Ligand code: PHE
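First, one chain by itself: the form predicted alone, in structure tokens.
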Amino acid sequence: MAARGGFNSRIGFIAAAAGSAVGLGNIWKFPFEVGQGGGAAFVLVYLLLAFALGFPVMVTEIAIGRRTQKNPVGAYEALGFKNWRWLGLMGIIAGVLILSFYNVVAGWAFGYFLEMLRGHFDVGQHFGEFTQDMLRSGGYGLAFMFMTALIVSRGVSGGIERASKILMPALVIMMLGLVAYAFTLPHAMEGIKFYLLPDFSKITVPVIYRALGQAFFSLSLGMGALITYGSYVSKQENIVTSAAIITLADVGIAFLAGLMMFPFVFSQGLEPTGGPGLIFVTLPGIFASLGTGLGIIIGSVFFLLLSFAALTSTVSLLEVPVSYVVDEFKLKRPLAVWLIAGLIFLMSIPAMLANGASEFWSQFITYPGAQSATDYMTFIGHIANDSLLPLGGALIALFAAYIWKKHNLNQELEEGFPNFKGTWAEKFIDLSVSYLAPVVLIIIFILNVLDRFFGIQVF
């Protein structure tokens, strides 16, 4: 434990793990998924899946990490199941693929923060030009990867834990301020009604698997991040209550993001179905309408908030392959960090080009399920976020329940929670990990693959 490092406090672990969960998935992706998923109906499905499936899988991942004190690949071997190392490797690959496009969007957020400070509100009208400018967009992405690598290179307690303790409270304070301001805007209540009053006819199978994908993406499940963070947790930690707090923090931040975003959108008479460009195309114009002074303040605070949220997640995504290389190949942490960060940045170049060179990528990336020839970033999202994460979650649950065995999982959860046996939490986690999570996740995975890659909608 001493050689690998670890979290110095429970608050540090929760802040870091919540930071891993809270990110662009909550503030950038969640609002446009809600908009395209029919509003409050999507929110209800998302909340249900986050707690019914996401929370138990999170508990399981953290428990596996703490029991083994290993990275996602080494964990399965340490438990005595070397033949399952591939599952950890699949999670690492998914995380690396996600980071390769996640860092690009994080770079946009950081770039927009600087543009807002300079009062360049017209950047939203020229989003395509912004993303096509490789020197500018690539430079922001490089700067963001550098900040991420710098934090991870300083270790678990000195880098990840310390940064998370600062970034997470700052993020919440800025978000609450923006929510309070959004509520004062004209027509704000129309946005709140769209967000909180459900139309149950909007709940369809595609909405369900999009909500599931959003829950797993935002909770950092199925990619080895929480196995990795769990490996740095002490035996005195109550995993069940910590995972509950992390899940609440994650869905709470996502919920706040919706309370902030939809009053902004409806105050300007805009459509909530704006998709991924909702933040980068629509919001700068809204900030411009506030006048130069107030617009600069609100706009720069918003994109600084987005950058902070992204940074807490890019840190956890980079830590996963770093822990693997440090554990398995005995590289020094700083060397492993900078080598892997450099490699992932190179992998992110196609994602940087995707929005500026979609015609180029679309001639290579075509498949029956695509609405039309798609771009690289969308393609990687379909593979990693929509497919590998739910599949990874299902397999982790099956492994814990039927290979490692449920009594071993319970034994680990009793560390730090002596009265766990016989509680509602034990019964619920047992039910979800043994039956609910594997069945639902595998069904959703199959339906998603049929839809995304073969254009077949079963329902």
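The first residue of the shown sequence is 1; numbering continues from there. Predicted model only: the values in this text are computed from it and were never measured.
Form predicted in complex with the ligand: not shown, discussed below.
For the candidate set Thr148, Asn103, Ser313, Asn71, a heavy atom within 4.5 Å of the ligand in the model of the complex is found for exactly one residue, namely Ser313. Checking Met223, Leu212, Ile246, Val265 for any heavy atom within 4.5 Å of the ligand in the model of the complex turns up a single hit: Met223.
For the three marked residues, Leu24, Phe217 and Leu317, a heavy atom of each sits within 4.5 Å of the ligand in the model of the complex. Comparing 116-124, 133-141, 223-231, 289-297 against the ligand in the model of the complex, the single stretch with non-hydrogen atoms within 4.5 angstroms of it is 223-231.
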